[in-house]
Ligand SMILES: Nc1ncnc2c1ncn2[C@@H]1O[C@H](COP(=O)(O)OP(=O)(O)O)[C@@H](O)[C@H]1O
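Only one chain comes next, encoded as structure tokens, the form predicted alone.
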Amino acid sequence: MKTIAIHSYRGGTGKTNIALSMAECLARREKKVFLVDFDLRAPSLESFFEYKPSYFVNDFLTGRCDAKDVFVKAEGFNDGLFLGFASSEIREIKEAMREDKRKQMKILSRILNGKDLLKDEVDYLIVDTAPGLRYSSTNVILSSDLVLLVSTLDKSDLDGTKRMIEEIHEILDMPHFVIINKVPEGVSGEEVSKEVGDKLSQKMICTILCYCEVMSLRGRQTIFHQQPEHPFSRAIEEIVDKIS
């Protein structure tokens, strides 16, 4: 099983859309994929679906269920795609915001044990993390084989991503690559490569243009599911080719 964390400095980069699209792409390639929403403070995966699961990721982290109990089969998708949702209940979100170090060490242990239980049944575990510098994100990064950092070309986003790489990713010595999303029309790939290279000194795995068609879906479904030949979908295929 390969574990991939999708991380970003801030919200609004399109991280969840990319994570779900990658999971769909891998499932279409007949891989068994578990996609987990690990943004416990602001869950967003549920906006794409209308499921009411029996258990949430929060239940697993607090020992109320096993790792396998969290996942539900994604209806209307390939048979190999399963989803794990974070709870959007205010009570659970408040609890997630209490980032006590001792509590987070227990959570890291639960994550590693859960991975061990899943390793023989799953080809890919994709984890959509909480943005920024948080214990919960660090736990996921520590548990992953590869981290994909999603950023836009916004100056504050690149500056924050640079700080995050210096403070977390390079210290943890975790393999990571950058995806630049929502690139404005008219900005060349060479310009993006130079700006990212100068600012982040990181290997860029892919650039994705800003498409009105993607924005018009308003987080209700992915363009990958709706239009597999769309340029955004082809960019997702390119990412999957490079990480699989």
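What you are looking at is a predicted structure, and each value in this text was computed from that prediction instead of being measured. Don't overthink the numbering: it's just position in the shown sequence, from 1.
The protein also exists as the form predicted together with the ligand; that form is not presented, and the subsequent description refers to it.
Participant: Can you work out whether F49 and the ligand are in contact in the predicted bound form, taking contact to mean some heavy atom pair no more than 4.5 Å apart?
Facilitator: Contact with the ligand, no.
Participant: Would you classify F232 as touching the ligand in the predicted bound form, given a 4.5 Å non-hydrogen atom cut-off?
Facilitator: Although the ligand is absent here, F232 would touch it in the predicted bound form, with heavy atoms inside 4.5 Å.
Participant: Y211 versus the ligand, in the predicted bound form: is there a non-hydrogen atom within 4.5 Å?
Facilitator: Yes, Y211 sits close enough to the ligand in the predicted bound form that at least one of its heavy atoms falls within 4.5 Å.
Participant: I'd like to check something about K182: if you look in the predicted bound form, is any of its heavy atoms closer than or equal to 4.5 Å to a heavy atom of the ligand?
Facilitator: It does: once the ligand is placed as it appears in the predicted bound form, K182 has a heavy atom within 4.5 Å of it.
Participant: Since the chain is shown here on its own, which stretch among 214 to 222, 193 to 201, 22 to 30, 62 to 70 would lie within 4.5 Å of the ligand in the predicted bound form, judged by heavy atoms?
Facilitator: Answer to the contact question: 214 to 222.
Participant: Could you list the residues in 1 to 34 that come within 4.5 Å of the ligand in the predicted bound form, counting only heavy atoms and keeping sequence order?
Facilitator: Residues within 4.5 Å: G11, G12, T13, G14, K15, T16, N17.
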